[in-house]
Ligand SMILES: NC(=O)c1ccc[n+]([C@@H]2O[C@H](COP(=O)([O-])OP(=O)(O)OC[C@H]3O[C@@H](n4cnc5c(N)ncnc54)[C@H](OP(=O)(O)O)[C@@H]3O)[C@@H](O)[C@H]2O)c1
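There is one chain below, alone, in structure tokens, taken in the form predicted alone.
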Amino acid sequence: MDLGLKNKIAFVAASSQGLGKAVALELAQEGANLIICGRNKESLGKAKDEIQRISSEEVLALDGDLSIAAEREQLIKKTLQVHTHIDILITNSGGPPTGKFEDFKENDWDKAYKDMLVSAVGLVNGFLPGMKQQRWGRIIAITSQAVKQPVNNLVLSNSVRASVAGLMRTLANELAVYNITVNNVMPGYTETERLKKLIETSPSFESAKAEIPLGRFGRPEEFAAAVTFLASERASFITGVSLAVDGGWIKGMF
């Protein structure tokens, strides 16, 4: 199936590792031009080399912290200096620390808010004008299964990622007139460094496998395939959805 992604320009946030990198790799395999970003220059460089091996186009790698306004604005500015616009925006952020409500202070909530919601709002603000001008775009948020079914010991993620999903659902209504689709993809337990760290800090996460009907953790490439489809021409009539890629972990009907 031709997804119609060849030569599309995609900005993938937090893509030096984990699910962000998996999505960038999948988009590159479909022929998209990539802008990747991350805080760690070394990890970012390795990700660029890995993506470059499967892409005929130059990969633009930008280091910076998307939760800091000045750095985020520089990333957007540098992207638009190379590309006049982007076609696909994937918002993403690393997961906040584990813990219960009383474990966190106000500054912990502020950081989670800036990492997950403020960074997404800032990226949409920066890249939306170009999408509206060409009357085509894809905005996809990577959140978590916790948006639909809260995960124990992840109060920060449960709370703030839900606000990102609310933002995306609202944007889907507002931007449809410009032929811009907006969706949210909710990864379940997936074999990433993030999951390994969760299991190390809280062994109860290892038992989560038993709660998944498919009986295993997901693979990053499986999640990336879902995101890439939503970014494609083939998904032109899908907007405003929150798609779970969780092996059936979420038990709700809707």
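On a predicted model such as this, the values are computed, not experimentally measured, just so you know. Note that residue numbering follows the sequence shown and begins at 1.
There is also a form predicted in complex with the ligand; it is not shown, and the following applies to it.
Only one of 208-216, 225-233, 27-35, 59-67 places residue heavy atoms within 4.5 angstroms of the ligand in the predicted bound form, namely 59-67.
N183 falls outside the set of residues with a heavy atom inside 4.5 Å of the ligand in the predicted bound form.
Although the partner is absent here, D87 is not a contact residue: none of its heavy atoms lies within 4.5 angstroms of the ligand in the predicted bound form. Within this chain, S16 lines the site of the ligand in the predicted bound form, having a heavy atom no more than 4.5 Å away. For M131, no non-hydrogen atom is located within 4.5 Å of the ligand in the predicted bound form, even though that partner is not displayed. By the 4.5 Å heavy atom rule, the three marked residues R39, S43 and Y189 all count as contacting the ligand in the predicted bound form. The partner is absent here; in the predicted bound form, the one residue of I76, V160, I142, A120 having a heavy atom within 4.5 Å of the ligand is I142.
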